[in-house]
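Consider the single chain below, provided in structure tokens and representing the form predicted alone.
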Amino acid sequence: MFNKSLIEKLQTIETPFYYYDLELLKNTIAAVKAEADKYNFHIHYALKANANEQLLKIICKAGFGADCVSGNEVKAALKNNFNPSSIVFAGVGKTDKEITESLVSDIFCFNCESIEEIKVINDLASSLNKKARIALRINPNVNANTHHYITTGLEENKFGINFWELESVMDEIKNSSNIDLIGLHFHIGSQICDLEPFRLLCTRVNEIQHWFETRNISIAHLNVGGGLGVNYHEPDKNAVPDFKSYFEVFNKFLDIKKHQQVHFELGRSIVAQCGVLISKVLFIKKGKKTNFIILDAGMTELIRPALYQSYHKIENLTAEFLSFERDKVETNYDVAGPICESSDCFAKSYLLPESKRGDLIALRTTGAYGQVMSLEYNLRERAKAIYSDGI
């Protein structure tokens, strides 16, 4: 991703900032489309991964739909020209205002997660003299074997309708004249790198579909969520995820009826690798047990390490590309930010070339859940975004 010429340009920009490689983004989008189109699969981009408007415009232009989990995400999708007929509104806690505005905008579908939500949507749709299209988010009870904070498909999670509730749910829908059940929705978690959980999901979806078939309930749409992981440890080795194998699993194991459309909600796998958080070394602190690199970026710009104990590859761009005369002896550092929290640390005992004040540092694979989760804690200014086609 980096070369001497690019780093010299980046060095002139005030840090911290998010750098987006738009060519890589477009290559990733092209790979998704090529593999999904083989099976006529429909892709909805998950805005929660990154709602940067420049990225949204590129993703929308590719013909993807939008997967939203808040009213403001729905508004952002509409503002950036996503077709309302391709916008799905998910989320376990939709407010009346968000539901009403989405009904007025005539979005494609609400993914519903409880009986009470169905009742509320029916009442609000009735007040507007509209019919609300819904999909039932059913908890498949499939273990994604990922971090427990990003596992969503188990009965212990807050998400989805449990299988044993379906009789009551269908009774409610039968009595809801302003509800149109068009689909089933499933999502088992994110950052899933082993494809076996997706195979198990397919098997479970087939079983749940059979339940509806035996009751002569026709389902037009299957939404199997997203969750495909990316390579955080070697971002340049697999910059574009293996979409081919991912979609092959669903084509092989999912029992798709002739009248059905299959939908995916991909976020991280599309945008993660195209984004990098660029920072500078403020100070080097030497201690008895460890040395510290203090950066001008912190958990306010990238909260994932503090929240999930997640790994991001860290590179000293100055030492690697600009300071060829510098001794390349590597040292273990705790790489931390300036925020007044001990949790503001990107890595412990991380091996880097000897680092100095002013060195340019890259935190890789931050295109997903980086900028979109940024904070103004400590009254810090939000970091700007820089794009590869603008420098």
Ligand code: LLP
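Numbering starts at 1 and runs along the sequence shown. What you see is a predicted model; the values in this text were computed from it and never measured.
Omitted here: the form predicted in complex with the ligand. The next part is about that form.
Partner contacts here mean any heavy atom within 4.5 Å of the ligand in the predicted bound form, and among 224-232, 275-283, 293-301, 167-175 they occur only in 224-232. Contact annotation: L266 falls within 4.5 Å of the ligand in the predicted bound form, judged by heavy atom distances. Residue contact with the ligand in the predicted bound form: Y18 places no heavy atom within 4.5 Å of it. Contact annotation for M373: at least one heavy atom lies within 4.5 Å of the ligand in the predicted bound form. Taking the partner from the other structure, the ligand in the predicted bound form has a heavy atom within 4.5 Å of a heavy atom of S190. For the residues F321, Y308, F163, F212, the 4.5 Å heavy atom test against the ligand in the predicted bound form is passed only by Y308. Between the ligand and the residues V32, A46, I59, I361, the one pair within 4.5 Å by heavy atoms in the predicted bound form involves A46.
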